[in-house]
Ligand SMILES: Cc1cc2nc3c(=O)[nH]c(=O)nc-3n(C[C@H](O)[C@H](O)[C@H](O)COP(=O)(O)OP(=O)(O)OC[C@H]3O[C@@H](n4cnc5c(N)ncnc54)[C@H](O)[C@@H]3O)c2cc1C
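Given next, in structure tokens, is a single chain: the form predicted alone.
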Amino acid sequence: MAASPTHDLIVIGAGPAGATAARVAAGLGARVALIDKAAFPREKLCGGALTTRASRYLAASHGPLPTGLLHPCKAVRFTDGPRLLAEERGALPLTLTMRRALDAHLWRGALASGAEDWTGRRIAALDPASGIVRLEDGAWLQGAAVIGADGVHSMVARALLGDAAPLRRVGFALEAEVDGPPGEVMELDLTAVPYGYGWDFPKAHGRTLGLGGVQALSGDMMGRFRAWLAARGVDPAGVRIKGHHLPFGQMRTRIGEGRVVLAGDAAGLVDPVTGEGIAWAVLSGQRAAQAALAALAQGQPDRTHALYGAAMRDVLGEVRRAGRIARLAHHPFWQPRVLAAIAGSGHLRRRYLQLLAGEMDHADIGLSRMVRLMLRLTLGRGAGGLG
């Protein structure tokens, strides 16, 4: 093997986290290899909602998105199965996109910044101690630092930590694209599946419909999804149904070691209350790249994880707090009370949208407000505790 690394940084996975890491590092002059088993553009299961927070982070690392990638959302409808709970209109902190197009745009931007394109090539093995990556076609690379942004089934995490994601405890989602005229109303079905939800998102070409929940608690997801589609006037036999695990409610306890770190879905960075993951993917990719380059500048690549862990402390705390809130909101005792509060409180709905947008953090709610909210819901007094 080479006496010195072939690259300053190897990024494995070219979705939003990996493409951001590659673009940031290459833009700062690092020699970066961007690897992905898929050739881009490629399909990705995702509702495609872009929040204010996600748009802000994307703009900071990639510049403003082309308007052709975005579709406006003019209303959010909250439902309990077929029952309409409430609808919010006006200035909403959401736009919609197709992940195939968004991810291809971010990938092209990383390459334009100087990252080397190693997509469409599978990895055979990774040695975390040396940063050596062997590809199935016989090629090999060595990175002074490595970022694993390769999703919920992350091979980097397995090589580094010796464990796979506990799939029975993480999320599983099914999704279908339905052609039609452009829409403008987003629907969130809050009881479509236990410990999860359903989405019906408007797109320029029609709709994206999906269900996501914790696999161990959701039973026959395919049967549920087919019935859910049929209830919305969609023939399940007439659409292509995609399925994939999501790191929904199962953040990893370790997000790296030494010169190797995990970002985005590979680190389990999805908000279990809102289901939002693009914002944390982009931010974690940026911070992972910055940590790696800072460690290399110090001549200590093994400090990458220490620097990255410190930079990500706020995000990790947010995801943990969201997990506690999600477990309460989906609990059989609390869920009907939460649904009643959503139906009756525009204040609570706006707070939810602020959380989704990143205009409000779970930390802003705080323990005392949560206790007041639970007390008010128990007494049937609405949701003033989030005021």
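Here the structure is a predicted model, which means the values were calculated and not measured. When you see a residue number, it is the position in the sequence shown, counting from 1.
Not pictured, yet referred to below: the form predicted together with the ligand.
Among 187 to 195, 76 to 84, 296 to 304, 237 to 245, which stretch has residues whose heavy atoms lie within 4.5 Å of the ligand in the model of the complex?
Result for this chain: 237 to 245.
Residue-level question: is Arg100 within 4.5 Å of the ligand in the model of the complex, judged on heavy atoms?
Heavy-atom contact with the ligand at 4.5 Å: absent for Arg100.
Is Lys37 a contact residue for the ligand in the model of the complex, using a 4.5 Å heavy atom cut-off?
Lys37: contacts the ligand in the model of the complex.
Looking in the model of the complex, any heavy atom of Leu45 within 4.5 Å of the ligand?
Within the cut-off, so yes.
Answer with yes or no whether Ala115 is in contact with the ligand in the model of the complex, where contact means some heavy atom within 4.5 Å.
No, Ala115 stays farther than 4.5 Å from the ligand in the model of the complex.
So the ligand isn't shown here. In the model of the complex, which residue out of Leu92, Val178, Val315, Ile123 has a non-hydrogen atom within 4.5 Å of it?
So the residue touching the ligand in the model of the complex, by this definition, is Ile123.
Name the residue from Pro272, Pro202, Gly213, Gly277 that puts a heavy atom within 4.5 Å of the ligand in the model of the complex.
Checking each option against the ligand in the model of the complex, the one that comes within 4.5 Å is Gly277.
Residues of stretch 4 to 37 in contact with the ligand in the model of the complex (4.5 Å, non-hydrogen atom)
Contacting residues: Ile12, Gly13, Ala14, Gly15, Pro16, Ala17, Gly18, Ile35, Asp36, Lys37.
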